[in-house]
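Given next, in structure tokens, is a single chain: the form predicted alone.
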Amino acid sequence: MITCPSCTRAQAPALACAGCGAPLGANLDLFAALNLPRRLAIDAAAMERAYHDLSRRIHPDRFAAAPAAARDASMRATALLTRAYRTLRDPISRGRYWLELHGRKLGENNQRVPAELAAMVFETQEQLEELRESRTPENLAAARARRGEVAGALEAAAVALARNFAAWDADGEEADERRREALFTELKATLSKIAYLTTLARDIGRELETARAA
């Protein structure tokens, strides 16, 4: 239970008081902060509505003349709400948070380049080095083709991430330990793959931009 600093009502932890609507400054997980069920597939419109509604209700400007406890609660609640919105609206950061929420880290057993990407990473690095040394039409064309290949791989990884989310929402939280571990392993692998592909896309884009500006 938590006591509202404004009306002293005792209640379950929440972002705002159920009685007077004042911010409580409670320590909540990011889904609870936005009044969302703990599910990975999120209704974007519902999240937007919850975010803007809560933002108006707990904004520090509304409590500028309130006692110190209420002002502090407003600041902490607003910071938590902002973090929740920024994290959960993006599928990649949402997946990372899901791991965090369950005491997992993406870095565990994910230090190496994914095996299925090793050849692409190596070949891309070679292509970009060749492009730096000589901006021939052939090297530029090869880099552009590689950028398209990476973009396609990123799209496929996004689909795989959505499938993993759906599996978690279907039975992941209630599944046996072996099934849960399989879903965690799949989620880590997909997020790691997306991270490497995003870096490749960035590096290719930079080199092509540099070549275009030269």
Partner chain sequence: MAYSDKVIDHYNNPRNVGSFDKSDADVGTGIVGAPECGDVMKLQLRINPESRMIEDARFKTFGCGSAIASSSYVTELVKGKHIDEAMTIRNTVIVKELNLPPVKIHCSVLAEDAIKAAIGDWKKHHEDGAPAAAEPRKAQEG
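Values in this document were obtained by computation on a predicted structure and should not be read as measured data. Residue numbers count along the first chain shown, from 1.
Unshown form predicted in complex with the partner chain; subsequent notes refer to it.
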**Item:** Which of 68 to 76, 126 to 134, 81 to 89, 97 to 105 sits within 4.5 Å of the partner chain in the model of the complex, heavy atom basis
**Value:** 126 to 134
**Request:** Please state whether all three residues 161, 175 and 180 have a non-hydrogen atom within 4.5 angstroms of the partner chain in the model of the complex.
**Result:** no
**Asked** Just one of 149, 169, 186, 29 has a heavy atom within 4.5 Å of the partner chain in the model of the complex. Which one?
**Response** 149
**Asked** Hey, in the model of the complex, is residue 11 touching the partner chain, heavy atoms inside 4.5 Å?
**Response** no
**Item:** Proximity of residue 113 to the partner chain in the model of the complex, heavy atoms at 4.5 Å
**Value:** yes
**Item:** is_contact(residue 195, the partner chain) in the model of the complex, heavy atom dist at most 4.5 Å
**Value:** yes
**Message:** So in the model of the complex, is the partner chain close enough to residue 119 to count as touching (4.5 Å, heavy atoms)?
**Reply:** yes
